[in-house]
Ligand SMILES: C[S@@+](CC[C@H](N)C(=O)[O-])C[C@H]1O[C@@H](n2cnc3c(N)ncnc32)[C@H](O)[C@@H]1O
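Below, in C-alpha cells: the form predicted alone, a single chain.
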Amino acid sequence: MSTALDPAAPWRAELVTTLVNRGVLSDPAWREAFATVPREVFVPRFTRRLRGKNEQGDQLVHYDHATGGGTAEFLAAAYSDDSLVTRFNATGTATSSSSQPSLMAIMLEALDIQPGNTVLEIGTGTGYQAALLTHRLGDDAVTTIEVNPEIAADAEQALARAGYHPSVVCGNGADGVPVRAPFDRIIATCGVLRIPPAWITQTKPGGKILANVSFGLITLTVTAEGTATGQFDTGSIGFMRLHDGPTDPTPPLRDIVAMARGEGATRRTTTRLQLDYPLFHPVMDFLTALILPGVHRTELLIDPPTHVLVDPASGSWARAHADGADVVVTEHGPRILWDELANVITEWINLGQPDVSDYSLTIDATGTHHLCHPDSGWTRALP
C-alpha cells in the first residue's frame, strides 16, 4: 500500500527497524506482521508517558485520533516503543493499555509459533496483539479473552476495522476458553502469581504457556501428565494483574499504606537486610511477590524514610526505619512480615544472589507451584 493511501506505513516500518536493531525481532513472519498491522486503529485515544521531559519529572501526554489522527505527532506516538495507556479507573489508576511493542516482540518470538498452531490469548486489551497473532495464523486459529465487556467490544470492533476476525470472548481469563480448547499455545498479556489450572488442562501435551509470573517472563511446557515446567527468561516485567471482574478489586496504594499508620508493637533489630535491598530491586520484587503473595511493599518518603509492608488479607503490617546502626520496627497483626521478608532475602543471599533467569518453575499434577534454583538443587513449594 502506498504511503499516500496509508500514511502510517513509514511509521510501522520505522518501528520494525527499531525492534530489529534492539535485537528483539528476528523472525521474518513477525517482522511482516508488525509492518502490516495498523496499531493506530487499536489506540484511537491513549496516554503516553514521556520520561523526564520537564523539571517536574515525567510528563503524561494525551492523544486523540479524532483531533490529530493523521498528524505526524499522533502517528509517532502510536508507533513509539512505549506502553500506551488507554483506560483509567475513577482513582486515576491505569486499567488497560497497549503493551510496549518490544515486549510484545520478545513474547511472540518466545511463543515459538509453528504452522497450524492454535493460540489462546489471555487479556485482549486493545486487540493489537490479537491482530498480530491473527495476521500470522488466520482468524480460526486465534482465540482471545477479555474480562471487561466494554474493552472486549471495543477490541472486537477495532479488529474488524483492521480486517481481522479472531474469536473474541468476554469472560474470566483464569477459566480459559474450554469450548475452543485444547490449544497449542497460551499467551497471557496480564500478570499472574500462579498459573491457573485451566491454562494447563487446556494446553495440548507438548504445548506451551507464556506468561508474566510475578516479575519474570516464563515459557512453560505442558506434559501429558498435566504438569508444566520452564525456566524464567528475564525480570523487571510487570503487566497489569489478572482479575476476575471488569472492575479491579485491588485497593489504591494510599488505602493500603493507611493500614500501616496505626499503633503497634515496636522493637529494635541490628538486621538491616530489608533496608540494604531497597524497593524496585528486580530480584527482590520477583521473589517477594512469589513467596509472600498479597504482601505490598512501599516506602514513605518522610523523615526518616520508612519502609512499609502490608498484608490486607490478615491485617498484618510492619513499618521500619534506620536509627543509627539499628532498625526500628513497628508491627501489628498475626504475621511477622519484617522477619518473613528477611528470610526471603537470606535464602537468596545463601544461593549466591542469583538473577531471575537462574530460577525455574515446576507445577505438579496437584497444581502446586515449585520455585527452583536448578544449579544448587534448591526448591521451595509456593504458598
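A residue's number is simply how far along the shown sequence it sits, counting from 1. Here the structure is a predicted model, which means the values were calculated and not measured.
Missing here is the form predicted in complex with this ligand; even so, the following discussion is about that form.
Contact annotation: P166 falls outside 4.5 Å of this ligand in the model of the complex, judged by heavy atom distances. Though the partner is left out of this view, G127 does reach within 4.5 Å of this ligand in the model of the complex, counting heavy atoms only. At a distance threshold of 4.5 angstroms between non-hydrogen atoms, Q274 is out of contact with this ligand in the model of the complex. This ligand in the model of the complex comes within 4.5 Å of a heavy atom belonging to R241. Screening P197, P312, G171, P182 for any heavy atom within 4.5 Å of this ligand in the model of the complex leaves a single hit, G171.
Contact with this ligand in the model of the complex, defined as a heavy atom within 4.5 Å, holds for exactly one of T203, T143, S99, T288, namely S99. For the marked spot (E121, I151 and T189), a heavy atom within 4.5 Å of this ligand in the model of the complex is present in each of the three residues.
Contact with this ligand in the model of the complex, judged as any non-hydrogen atom within 4.5 angstroms, is confined among 211-219, 74-82, 189-197, 300-308 to 189-197. Applying a 4.5 Å heavy atom cutoff to this ligand in the model of the complex picks out no residue from 362-383.
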